[in-house]
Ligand SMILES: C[S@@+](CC[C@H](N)C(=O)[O-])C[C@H]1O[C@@H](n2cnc3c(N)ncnc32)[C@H](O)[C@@H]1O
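Just the one chain here, laid out as structure tokens, in the form predicted on its own.
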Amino acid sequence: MAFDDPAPLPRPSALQAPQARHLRAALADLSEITPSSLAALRRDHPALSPDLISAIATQARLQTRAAPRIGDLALTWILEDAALQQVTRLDVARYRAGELVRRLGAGAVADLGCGLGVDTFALAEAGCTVLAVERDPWRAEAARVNLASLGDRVEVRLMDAHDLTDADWGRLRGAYVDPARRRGDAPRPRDGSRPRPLADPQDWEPSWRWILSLADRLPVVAKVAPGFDARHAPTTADVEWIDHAGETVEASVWLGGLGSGQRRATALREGVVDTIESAAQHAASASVTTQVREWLIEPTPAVRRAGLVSDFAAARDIPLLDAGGWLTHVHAVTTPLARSWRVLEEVPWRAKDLRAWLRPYGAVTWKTIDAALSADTWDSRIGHSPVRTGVPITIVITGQGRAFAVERKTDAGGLGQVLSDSRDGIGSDSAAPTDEG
């Protein structure tokens, strides 16, 4: 997709004018927006400025990108590229808003650094009245436009959170804050990706020190990156890592009386939410086995980041395999906190023997949770050359000198037989390489 050089953004209110909305809807139906199609639009709509038409085309492009994150809101909301890169996924925003109301009760809360308004929307939807604060003028106006349907449940202010008055704080029951973790004025890397996140939380805006001081005043939940070092949080805070659709997307730090010193992992998948939290008695009672059962159970990254693999195993009475990060069980599990892999057979561990074992197969997907021996490392170490008509295969490396050929629970119902045929040299010309894991 190609576009003209970016022009100054029209005001969000201009992008919501009836004619602009009509054009955006029409553009959304196109499979591709090219310079020639943009030129045709300018000829067909001489009353609209070329810059506005370019901006509407950009909205259509962003709408496609935003839909997996914010669902149907993407169809009508005003969007902006940089804000969209750090926007909270709508499912996660709704979960956290509901959790905040559960812990705090409904009432007046602040959304400090509201961006385009997704978290504000979720908080209002959960029953809160929200003071949404945004210091970027364009985003503040976009939030007003996006949240206009919520009426007096939301007030959007163009200001810095540091400038809220004692009267403002006095009428609030709590606050949600999403600090900027990248310098807005930092140059982009040469590949066009976002600037690197700031490593020191004191360099965030607002700083972590300011957020902690705010938590001395009222309850606060802060959104942080998945790599957040929990040692930065007070011992009384809860730190919660959140998975969405199998990917760890963020962490929440519950401060100012909202937490009790727990480490939590929460996973959301297809409308189902599950949570595990730290409990010493679980970790102490987790059993260990060296005998692999019918299924390997893989806790999600959030469970691992929270250090709750043993807690997860003990809570569900599933033994750890070889005291590593994998569990093994006679049944698959049905929870967003883990994925289940049916064991087809144990395979050789030594590179030479495993390379020979893989010879009849197509593409290999490697799964390992050992950072020292990543999937890329194994791919390079084995040097498998996929057979074009061969069956794709997934190999789990448990990190304890063992490896297993597996299939996903959702794939069950045939791969085991195909694998057996492939070992006999029959193979399959209908199976395509997968990119699982």
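Only a predicted model underlies this, so the values are computations on that prediction, with no experimental measurement involved. Each residue number is its position in the shown sequence, starting from 1.
The same protein also has a form predicted together with the named molecule, omitted here; what follows describes it.
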> Using heavy atoms and a 4.5 Å limit, would one call residue 278 a contact residue for the named molecule in the predicted complex?
Replying inline: no
>> Quick check on residue 259: any heavy atom within 4.5 Å of the named molecule in the predicted complex?
In response: no
>> Taking the named molecule as it sits in the predicted complex, is residue 316 in contact with it (heavy atom to heavy atom, 4.5 Å or less)?
In response: no
>> Is residue 322 part of the interface with the named molecule in the predicted complex - any heavy atom within 4.5 Å?
In response: no
> Within 4.5 Å of the named molecule in the predicted complex, heavy atoms considered, which of 221, 251, 118, 308?
Replying inline: 118
> So which of 298, 99, 136, 238 gets a non-hydrogen atom within 4.5 Å of the named molecule in the predicted complex?
Replying inline: 136
> Any chance 10, 38 and 54 all have a heavy atom within 4.5 Å of the named molecule in the predicted complex?
Replying inline: no
> For the chain seen here without its partner, which of 322-330, 173-181, 260-268, 299-307 has a heavy atom within 4.5 Å of the named molecule in the predicted complex?
Replying inline: 173-181
> Looking at the named molecule in the predicted complex, which residues in 66-88 have at least one heavy atom within 4.5 Å of it?
Replying inline: 86, 87, 88
